[in-house]
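For reference, the chain that follows is the form predicted alone, supplied as structure tokens.
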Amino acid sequence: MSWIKEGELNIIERISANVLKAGPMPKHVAFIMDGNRRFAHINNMERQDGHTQGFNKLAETLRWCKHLNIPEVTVYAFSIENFKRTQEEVDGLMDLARQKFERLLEERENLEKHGVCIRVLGDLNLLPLDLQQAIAKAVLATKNHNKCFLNVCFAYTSRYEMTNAVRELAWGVEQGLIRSSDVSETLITECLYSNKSPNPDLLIRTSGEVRLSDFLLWQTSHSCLVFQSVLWPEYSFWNLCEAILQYQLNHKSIQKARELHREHQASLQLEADRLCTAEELQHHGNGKPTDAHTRQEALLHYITCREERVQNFLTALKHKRDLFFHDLCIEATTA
């Protein structure tokens, strides 16, 4: 099964899509693709066949998103918690992932035609080396595509992602790239695996479960959450339309919450900058009082220096992460 399923919507689907597109549309949709194993059990199939059906449904869902002008999709493909399943099932999921990422490389021209950029979010070090290498090749092969984006969360949990972001910040402080006082909610966001993507507008979970299972906890604090009872392999265009309608009904309140949060973040950052500036002035001025003009100039200078430090840190972090993928590809070539 191809990653990109070709084909047009039927006339009723096209009409419905056009009606939906008259309202506010999500630009980024995340899916917890739950229900593959239950689908297999109900239909007397092997679990592995259920997971294969789930991948096929993903390809179909990406086609629907393309027709609905949704440029970015994030999917929960494999949780770190899934390593606790039976070895047979874990091995089967790893084999399926190998097949699909190798298939992706074979479809490079088709992905380029549609401008699909594939990103894999998670700790690849937890995966078999050959799978790491296949993923790295796929990521590098599509990294310059910019029409639509598919983020595959593999060997991922949100708490692990946040813990890793803290480790990256500690590394930046140890390297002298940033100060501990530079750490903020915005900078933590930039250190997450998902730093290249806007937060999801809409998160959908199938199978009737009403929990997030450690998926995008940081990124979905101001997203529309929709829980649907349908099993993932049975997901339909109409289920997606229903979820988008829920987003549209709640769009104004979501946007208002996001705007208030942005204003609050900016206010906190300004207050932190003022405190740091005051400490520096007190230190260099031996406790002598300073006038308002001097304080304002010092504040602007501090902000400029902090932003420069942060940008240098983020550039170094990006280089470190890019090098990881490049090294995997070189290992695969020389093996």
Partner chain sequence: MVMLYGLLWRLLLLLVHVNRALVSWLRVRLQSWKSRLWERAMASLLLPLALAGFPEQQKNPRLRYISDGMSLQKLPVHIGFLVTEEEPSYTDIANLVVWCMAVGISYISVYDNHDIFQKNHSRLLKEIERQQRHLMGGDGHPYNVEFLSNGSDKCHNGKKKSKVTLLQPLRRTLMTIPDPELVVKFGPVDSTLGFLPWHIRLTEFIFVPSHRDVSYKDLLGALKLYSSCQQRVGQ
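Residue numbers count along the first chain shown, from 1. Because the structure is a prediction, the values reported are computed rather than measured.
There is another form of the same protein, the form predicted in complex with its partner chain; it is not shown, and what comes next is about it.
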Legend entry - Partner-proximal stretch of 60-68, 276-284, 296-304, 263-271 relative to its partner chain in the predicted bound form, 4.5 angstroms, heavy atom: 263-271
Inset, instruction - May I ask whether K5, Q53 and E234 all come within 4.5 angstroms of its partner chain in the predicted bound form, judged by heavy atoms? - result: no
Legend entry - Partner contact for A22 in the predicted bound form: its partner chain, 4.5 angstroms, heavy atom: yes
Inset, instruction - Report yes if any heavy atom of L323 sits within 4.5 Å of a heavy atom of its partner chain in the predicted bound form; otherwise report no. - result: no
Legend entry - Contact flag, W218 vs its partner chain in the predicted bound form, heavy atom cut 4.5 Å: yes
Inset, instruction - Flag F227 as yes or no: does it have a non-hydrogen atom within 4.5 angstroms of any non-hydrogen atom of its partner chain in the predicted bound form? - result: yes
Inset, instruction - Would you kindly say which of Q246, N110, S197, N239 lies with a heavy atom within 4.5 Å of its partner chain in the predicted bound form? - result: Q246
Legend entry - Proximity to its partner chain in the predicted bound form, single hit among N146, Q175, N125, T163 (heavy atom within 4.5 Å): T163
Legend entry - Contacts with its partner chain in the predicted bound form - residues in 196-224 whose heavy atoms fall within 4.5 Å: E209, V210, R211, L212, S213, D214, L217, W218, T220, S221, H222, S223, C224
